[in-house]
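In the block that follows, a single chain appears as structure tokens, in the form predicted alone.
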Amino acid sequence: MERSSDLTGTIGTLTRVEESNGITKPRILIIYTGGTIGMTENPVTGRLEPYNFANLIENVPKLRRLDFNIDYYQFDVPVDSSAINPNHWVTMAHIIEDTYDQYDGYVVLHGTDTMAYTASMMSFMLENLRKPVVITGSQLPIGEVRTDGEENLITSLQIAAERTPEGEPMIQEVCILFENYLWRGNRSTKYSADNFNAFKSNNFPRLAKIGLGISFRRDVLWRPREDKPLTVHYGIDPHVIYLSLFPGLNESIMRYMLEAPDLRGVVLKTFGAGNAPTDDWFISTLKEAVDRGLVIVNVTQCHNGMVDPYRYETGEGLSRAGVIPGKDLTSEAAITKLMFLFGQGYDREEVKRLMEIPLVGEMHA
């Protein structure tokens, strides 16, 4: 995937505050990609439609009380999250890279369905990120009388502006804010279609809890390992698939999927702690695929826990076939990490090696 993108957007200003006594006010950029949070109900049809983001203050007048300088970038054609693709990830990363010296933090407004995919991919693309990228959205439109969108937006802006006592950004990673919790983006998954607390991170603790105040867990916050400038990686190779196991999966269908043209990587979603059938045809089909050059990563279908290939005999067969244990990777992080690594031009052996180690806190070491 190239750095450039055909996607275009509109840039504007929401709030401006005067600085006094040498105190610099936080500068935050909101990137509106689409999703329920930016919708309004058409009074005639009753359908949800995107509104002009320049009118956000009309729906959320509290923004003026934040005492921040807030700008926005709105996709000219807002995207439903189910339609998000690598071109949109490139655009988001492009915006952040091109404005990185101008803002203290970023809030990305995004639909919920693919939010965890975007958060995971952005965490890999933005190497040495030292500023907050807070991704949020809502289950109800921000213009509704009863909505989670207003609180999610305001809290995200506050988190994006938060500094440590030492004066550095409190958050220096890509994260997801929803309702009462701030989660590491590449550890998160959407677990509910109708609860306001729609996201969870089952294998990693919350970064912050939102109640009467915002309580950060500084002991688990990510910090870049090296003191280097931001480097944005635009290469993305989407020639990967999920293969989710279920009772009744047959050999012909499985072979058909694994022999797809140009396929390079597979996230194998197994049972429990990484278990799978031990039938000869199943193991041999996987081994043949690995021998042809596919990188196959084993992640569990369970929401909590991790792959342990040696806990049961049913998992050992996968290891003998050359399948890589994905430890506690979420399925979203696993698939986007494969896309990212292949997109950087790494050969198969290097992709396999990097899939087993954490790059930006996405898995257990």
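Sequential numbering from 1, following the sequence displayed. Worth saying up front: this structure is predicted, and the values here are computed from it rather than measured.
Note that the form predicted together with ligand ASP isn't included here; everything after this is about it.
A.B. asks: Determine which one of 209-217, 125-133, 288-296, 106-114 lies within 4.5 Å of ligand ASP in the predicted complex, judging by heavy atom distances; exactly one does.
C.D. replies: Among the candidates, contact is made by 106-114.
A.B. asks: Check Thr10, Pro50 and Gln74: does every one of them have a heavy atom within 4.5 Å of ligand ASP in the predicted complex?
C.D. replies: Answer is no for this spot.
A.B. asks: Could you confirm whether Gly35 comes within 4.5 Å of ligand ASP in the predicted complex, counting heavy atoms only?
C.D. replies: Contact check for Gly35: yes, within 4.5 Å of ligand ASP in the predicted complex.
A.B. asks: At 4.5 Å between heavy atoms, is Asp80 in contact with ligand ASP in the predicted complex?
C.D. replies: Answer yes; at least one heavy atom of Asp80 falls within 4.5 Å of ligand ASP in the predicted complex.
A.B. asks: Taking any heavy atom pair closer than or equal to 4.5 Å as contact, tell me whether Gln172 reaches ligand ASP in the predicted complex.
C.D. replies: Answer no; every heavy atom of Gln172 is more than 4.5 Å from ligand ASP in the predicted complex.
A.B. asks: Just to confirm, Gln139 within 4.5 Å of ligand ASP in the predicted complex by heavy atoms?
C.D. replies: Yes, Gln139 lies within 4.5 Å of ligand ASP in the predicted complex.
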